[in-house]
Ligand code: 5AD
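The chain below stands alone and is given as structure tokens, in the form predicted on its own.
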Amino acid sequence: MNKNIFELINRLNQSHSLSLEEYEDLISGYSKEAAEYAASLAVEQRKKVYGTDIYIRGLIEVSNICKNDCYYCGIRRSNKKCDRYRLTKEDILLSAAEGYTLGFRTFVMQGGEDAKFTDDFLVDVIKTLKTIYPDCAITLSLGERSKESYKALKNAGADRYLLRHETADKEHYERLHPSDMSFDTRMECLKNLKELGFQVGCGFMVGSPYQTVKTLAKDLKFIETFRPAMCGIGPYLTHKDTPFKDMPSGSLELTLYLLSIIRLIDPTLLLPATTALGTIHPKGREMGILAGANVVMPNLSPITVRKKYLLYDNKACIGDEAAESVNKLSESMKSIGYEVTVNRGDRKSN
């Protein structure tokens, strides 16, 4: 192993901070040995805070209708081949009821930026869920909204909000999105969410088109300085009906390495082993846990729509990804020395 990389990993483990240039060196210096060493420290840090507990979130994909036209995304506005759907309030409540029975105590409502999901509709759904399941947390992942909208959702009882920043580099952001989308707006939304008291999640794709070592280093520095409660990263995966269809997908190995680095940046982070990891490798989620992650998000969406919410091709939406096989998920976590727990799974302090 490169001695300098070894020293950088050790320093990050102790201080939880590096300079932008040092993050670049850390990424450039990737090797199997460096990744294994970083993972061993990341697991140690995670176990100090969370032990062997793995938190599960019930993912409800509420709509694949989106006003945005992001160049990498399968549910982009311009994709005429996308089979669109939108869940009703009743659909969402049925999914949550099934999830609660299975042991889920966090529901994640995720969807495209669908104009039909007004504040009034969402406030009604959130209040109903909170009334029925007062012991549960509600996470939203519904894109960019006004500060007033976020405030209404928070006041209704939403606990967490996931909004991937996608990249902390403005120029790179503009290469991934059309001109009607703004890097500054994305950053402003994240700031507003934090100010309103949400447990905020950000994140990025590993290996997205035009990504460089420098842009990745900026992502790591942003996570260090923004201090999110959650951070979702996964390999970039292509979709055949997007402008980026011929771009290469991201690397499993680099994603796992970056998961370990992010755990060293903040040992208390809620860090998912994402669906994208489970898609790129059959044991991807387990590998994510062994790299330092501590959250998995099985799918609670109705069976009829699961295959329609395709941000990328070949998404894992059956097998372990189906909430009905939560027992199988529990067994797979036990096989690597971890335990799925039934609670809200809030972030802990160090």
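Just count from 1 along the sequence shown to find any residue number. The structure presented is a predicted model; accordingly, all values stated were derived computationally and were not measured.
The next section is about a form of this same protein that is not shown, the form predicted together with the named molecule.
- Contact with the named molecule in the model of the complex holds for all three of C73, R164 and L311, each having a heavy atom within 4.5 Å.
- Interface residue remark: M205 is counted as part of the site for the named molecule in the model of the complex, having a heavy atom within 4.5 Å.
- Though the partner is left out of this view, L102 does not reach within 4.5 Å of the named molecule in the model of the complex, counting heavy atoms only.
- Although the partner is absent here, Y236 is a contact residue: one of its heavy atoms lies within 4.5 angstroms of the named molecule in the model of the complex.
- Contact annotation: T128 falls outside 4.5 Å of the named molecule in the model of the complex, judged by heavy atom distances.
- The candidate stretches are 228 to 236, 132 to 140, 117 to 125, 191 to 199, and the one lying within 4.5 Å of the named molecule in the model of the complex by heavy atoms is 228 to 236.
- Among the residues Q211, T279, Q110, S251, the one placing a heavy atom within 4.5 Å of the named molecule in the model of the complex is Q110.
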